[in-house]
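Just one chain is shown here, as structure tokens, and it is the form predicted on its own.
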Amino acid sequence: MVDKKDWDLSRRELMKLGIMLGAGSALGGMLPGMARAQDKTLDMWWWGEQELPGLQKFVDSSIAGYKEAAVKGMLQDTAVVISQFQTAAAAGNAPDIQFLWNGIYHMESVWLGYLQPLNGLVKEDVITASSPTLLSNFGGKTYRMGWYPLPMIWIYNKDLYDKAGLDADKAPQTWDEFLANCEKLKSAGIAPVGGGIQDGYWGEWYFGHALGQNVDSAGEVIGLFTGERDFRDPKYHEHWVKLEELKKAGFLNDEMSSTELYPGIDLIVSGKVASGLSVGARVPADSKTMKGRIGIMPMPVYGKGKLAGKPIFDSQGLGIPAKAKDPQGAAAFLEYLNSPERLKAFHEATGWIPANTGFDMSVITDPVVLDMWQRWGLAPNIPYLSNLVPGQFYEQALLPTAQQVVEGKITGEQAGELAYKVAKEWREFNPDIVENYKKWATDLGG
């Protein structure tokens, strides 16, 4: 939710677009399409401008150009994307189209009955082409369409690697290689790794990368919440031990605990920190700023799980609430957003690419972006594991564990104890959701 793509994590107030079509009812010679637009109104709650600047321009132009209905768009604040929707859905006041983060961030709404499957509403070929991802499925149904892809990546500043006497064109592949690089960077007076964790979201991203080092499938991760597996097992908290290792070695940037997620990435782009976590949606702009001197890599490998070292590929998406007042109209608008003309407009507005496989990828001309897309988007990849954690675990364990390890308040092993405790409490208070998790694990292969 997490990325997130910049996020305005200052929790700014909601911005309402409020764009209506078909105005001017006094005009006697109204076109049929305009008449339909006046008669039919769709509400669309969306998120993403925080992560992908230019997305609002795309949404605005899509709404303005749509003739089958008047669409009212509302950009949601990062902090309330889930809660605002679930509150409205419970009260029967949900929008017609809702932005949905991947995995549990929308799957919990599926289990609560707040979302309806897209099958039978949206054309199947459009659903498939939108690349909804494995984590958008439950019980053989798809509940979310892909909107734009989100490779989850590590980046490094090649100029800082040069300054430290490292080979900037050779990314570290193993943890030992990474630590050796960090030592050289530190000796050169450069903060080797980090970013910003004040808001906690860096810890989510780190978990999503690092837990995969010691697991074989997304389904295995679900066992940590349903009770079949245990965070106290060293293999399931080693990622926090590795973070503790970076802290004790003095490799993390000094301002990490007082800096938020996206400003922390800016530290890498501006040459103040050598490496850290980012997302693919930022790469076109960051590569331009850095004049191509940005390196892209998976997390260096220390674990022995089947997911270790694999590129992580996430996607943002859109769905239709169960009590949408016009689900057929919503489906038609989603199909419109996936039309060739709109896919082209998406790229022109954002500089990034839509998730739809029908989009002509030849528009990617930056060699850095092209290399990333080939290695993340076109090659075998794995799901983003942070998308599997329950909400209670996210708030009470996922975010604070990494924050406290970075601050030196707890050890990696103690982080595992806290994670186990919160997961156990969640199970005891949510038996129905636990059963759904077990069914979901079957869909995810474990």
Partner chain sequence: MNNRSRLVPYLYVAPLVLLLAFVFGYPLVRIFEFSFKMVRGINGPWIGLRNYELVLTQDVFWESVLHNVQLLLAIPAMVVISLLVSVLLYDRIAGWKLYRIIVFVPFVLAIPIIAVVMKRIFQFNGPVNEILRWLSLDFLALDWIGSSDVALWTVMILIIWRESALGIILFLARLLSLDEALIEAAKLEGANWWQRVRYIILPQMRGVIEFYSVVSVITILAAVFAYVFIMGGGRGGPGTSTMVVELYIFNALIRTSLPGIASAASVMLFLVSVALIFPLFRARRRANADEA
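Residue numbers count along the first chain shown, from 1. Quantities reported herein were computed from a predicted structural model and do not represent experimental measurements.
As for the form predicted together with its partner chain, it is not shown, yet the points below apply to it.
Peer 1: Within 4.5 angstroms, counting heavy atoms, which one of the listed stretches 156-164, 253-261, 321-329, 229-237 is next to its partner chain in the predicted complex?
Peer 2: Contact-bearing stretch, as computed: 253-261.
Peer 1: Do Tyr394 and its partner chain share at least one heavy atom pair within 4.5 Å in the predicted complex?
Peer 2: Judged by the heavy-atom cut-off of 4.5 Å, Tyr394 is in contact with its partner chain in the predicted complex.
Peer 1: Could you confirm whether Pro400 comes within 4.5 Å of its partner chain in the predicted complex, counting heavy atoms only?
Peer 2: Because a heavy atom of Pro400 falls inside 4.5 Å of its partner chain in the predicted complex, the answer is yes.
Peer 1: Taking 4.5 angstroms as the cut-off for heavy atoms, does Ala168 touch its partner chain in the predicted complex?
Peer 2: Ala168 lies outside the contact set for its partner chain.
Peer 1: I'd like to know whether Glu407 contacts its partner chain in the predicted complex, with contact meaning heavy atoms within 4.5 angstroms.
Peer 2: So Glu407 counts as contacting its partner chain.
Peer 1: Of these, Ile190, Val241, Ala345, Ala79, which has a heavy atom no more than 4.5 Å from its partner chain in the predicted complex?
Peer 2: Contact check passes for Ala79.
Peer 1: So which of Tyr114, Tyr336, Phe359, Tyr302 reaches within 4.5 angstroms of its partner chain in the predicted complex, heavy atom to heavy atom?
Peer 2: Contact residue from the list: Tyr114.
Peer 1: Within 4.5 Å of its partner chain in the predicted complex, which residues of 182-217 have a heavy atom? Give them in sequence order, or say none.
Peer 2: Those in contact are Gln198, Asp199, Tyr201.
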